[in-house]
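This document opens with one chain alone, in structure tokens, the form predicted alone.
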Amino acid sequence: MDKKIPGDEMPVIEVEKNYLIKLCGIPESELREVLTLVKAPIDEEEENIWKIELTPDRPDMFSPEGIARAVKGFLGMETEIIQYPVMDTEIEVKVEKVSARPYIACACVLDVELTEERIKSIMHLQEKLHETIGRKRKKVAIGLHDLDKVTAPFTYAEFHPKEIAFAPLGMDEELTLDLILERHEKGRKYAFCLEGFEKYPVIIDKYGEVLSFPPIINGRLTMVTEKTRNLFIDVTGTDKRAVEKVLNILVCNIAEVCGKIGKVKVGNEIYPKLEPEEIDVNVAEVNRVLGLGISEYETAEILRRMRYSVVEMKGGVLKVLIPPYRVDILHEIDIIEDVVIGYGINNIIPELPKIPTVGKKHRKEKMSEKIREIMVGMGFHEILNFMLSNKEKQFIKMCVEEEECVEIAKPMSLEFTVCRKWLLPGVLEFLGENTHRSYPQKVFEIGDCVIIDEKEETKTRTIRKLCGAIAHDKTNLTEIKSVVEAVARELNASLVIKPISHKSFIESRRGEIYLNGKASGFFGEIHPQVLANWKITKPVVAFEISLEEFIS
């Protein structure tokens, strides 16, 4: 089965070996070793192709240009933040209200020299960004265009599906927007991004020529080729920060090898926004976390090789500038991770901790392992979700009233704004993402949830829970009840089932679970409205119980 969220898995990119060696300017044998040290190991090799495995938090390295930038910094060949040339232009994008994708950011890269290798690299970067940050284009989508084929100013607006027609990439025939969703391969694949909207987003030029139908397909008119000399880039989406950061990654990676970045006025804003953000790094904290004992000057030198700029050193605190293409730097600890990479993992000498005890598994983990064996033994597959969620998933899509929960003070994304209170929403989201897989589907998750508890010092309490779900045409209450009974039996717990009012489940097809006399959870048949909210096409039964009673 697929992961719940596209991009959770380790992205693997394909690069032409000779092209990457040329960009890095070092021998192949040295490059192989360095790639592992900068968290970009070679996963597979096929003739001149290297398949490189990357971590999802470094989308700026999803292309050979980004990898070469990191490699040259690590080796000290180039240091500090790169000052990319940025030109003023008269290009403007007029922005109207677009309900389906309210945010847009644009830029251009002028005087480019595009080879077949460079075009492939840009297209691969585009698709990897779609799959990861873009959440399969639903959150962010990218359009690349030959600027010389159209005339500014451009307009970003929404149209009725039959109101406008154009020839999409890969087709000679002009089609209306609704026909593109029906007939074009990309239309059928990404139509889900526009479900529920009466009007669709379109970018047109001064004379009404269509550049793009985001997030579906670009127009054939602006197709990028080796003859293209000026690029226009549009990034649209549902999350403003993600849209802006993706644009930064694209223009910076392209400018690594050719062209000059051009500013574009989009509505009332000017893009791209390449001004580096600042963050303070305490050298004492670096040494506390890493146990290295390096000086502030050594720390500053390492950070410069990791492509940061250090503009001030005072009292053991470094003022660090973050490159505009780094979307992963949210906290000082992210900088510390780069310090240890720059220092060299292989240079760290392991030491036994100076504590009068030895480590062992916590009782919570032992109990979780036991539960895991029970569920796997009944034919369930384990899934893992984030502890962070949002109110739409936790309450609205589950058809339950909003409750008090732990909220993130300054969330970086609308995707993660609260700590989850229960596991079932994440399990249903997983099932909704896997409707194309074969049935029956039986999945479970063991994970922590956070609730508000005024009695605790932190005013919160973390609870370990178990959630399981079954999806297929003939599943029913009896099937999930037998699973609950089996779990209770294996835990040597007495089980009592009582009526419960819970809007996520069908009335009279639900129950409250009491284990050893305590209310521990619930089970039942998921309500059709909840299934529709998660775009699940089969009946689902599920249960969720707290494991705290058995851990304590």
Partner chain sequence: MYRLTEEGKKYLSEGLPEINLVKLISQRGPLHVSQLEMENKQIAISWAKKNGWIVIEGGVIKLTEKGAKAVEEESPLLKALREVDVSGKCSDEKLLEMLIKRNLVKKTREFPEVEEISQLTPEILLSEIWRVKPFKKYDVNAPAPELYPGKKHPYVAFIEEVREKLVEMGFEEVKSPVVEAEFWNCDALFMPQDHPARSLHDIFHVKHPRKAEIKDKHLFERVQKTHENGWITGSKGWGTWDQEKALNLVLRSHTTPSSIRYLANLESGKEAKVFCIDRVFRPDVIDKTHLMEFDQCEGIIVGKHVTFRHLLGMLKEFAKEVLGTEKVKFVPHYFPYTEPSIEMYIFHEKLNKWVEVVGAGMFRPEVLKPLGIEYNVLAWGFGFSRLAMLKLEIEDIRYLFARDIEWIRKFPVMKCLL
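Residue numbers count along the first chain shown, from 1. In this text, all values refer to a predicted model and were calculated from it rather than measured experimentally.
What follows is about the form predicted together with its partner chain, which we do not show.
Q: Report whether the minimum heavy atom distance between K189 and its partner chain in the predicted complex is within 4.5 Å.
A: Residue-level check for K189: no, no contact with its partner chain.
Q: Could you confirm whether V210 comes within 4.5 Å of its partner chain in the predicted complex, counting heavy atoms only?
A: Because no heavy atom of V210 falls inside 4.5 Å of its partner chain in the predicted complex, the answer is no.
Q: Residue-level question: is F159 within 4.5 Å of its partner chain in the predicted complex, judged on heavy atoms?
A: The answer is no: F159 has no heavy atom within 4.5 Å of its partner chain.
Q: Against its partner chain in the predicted complex, would G359 count as a contact residue? Criterion: heavy atoms within 4.5 Å.
A: Within the cut-off, so yes.
Q: Which single stretch, out of 342-350, 149-157, 226-234, 112-120, brings residue heavy atoms within 4.5 Å of its partner chain in the predicted complex?
A: Single hit among the candidates: 342-350.
Q: Contact check in the predicted complex: M87, L179 and K273 versus its partner chain, with a cutoff of 4.5 Å between any heavy atoms. Do all three pass?
A: No.
Q: In the predicted complex, which of the listed residues (Y103, F380, F166, W422) lies with a heavy atom within 4.5 Å of its partner chain?
A: Of the candidates Y103, F380, F166, W422, F380 is the one lying within 4.5 Å of its partner chain in the predicted complex.
Q: Among Q394, N385, N253, N218, which has at least one heavy atom within 4.5 Å of its partner chain in the predicted complex?
A: Flagged contact: N385.
Q: Using a 4.5 Å cut-off on heavy atoms, what residues in 122-148 are near its partner chain in the predicted complex?
A: R135, K139 sit within 4.5 Å of the partner.
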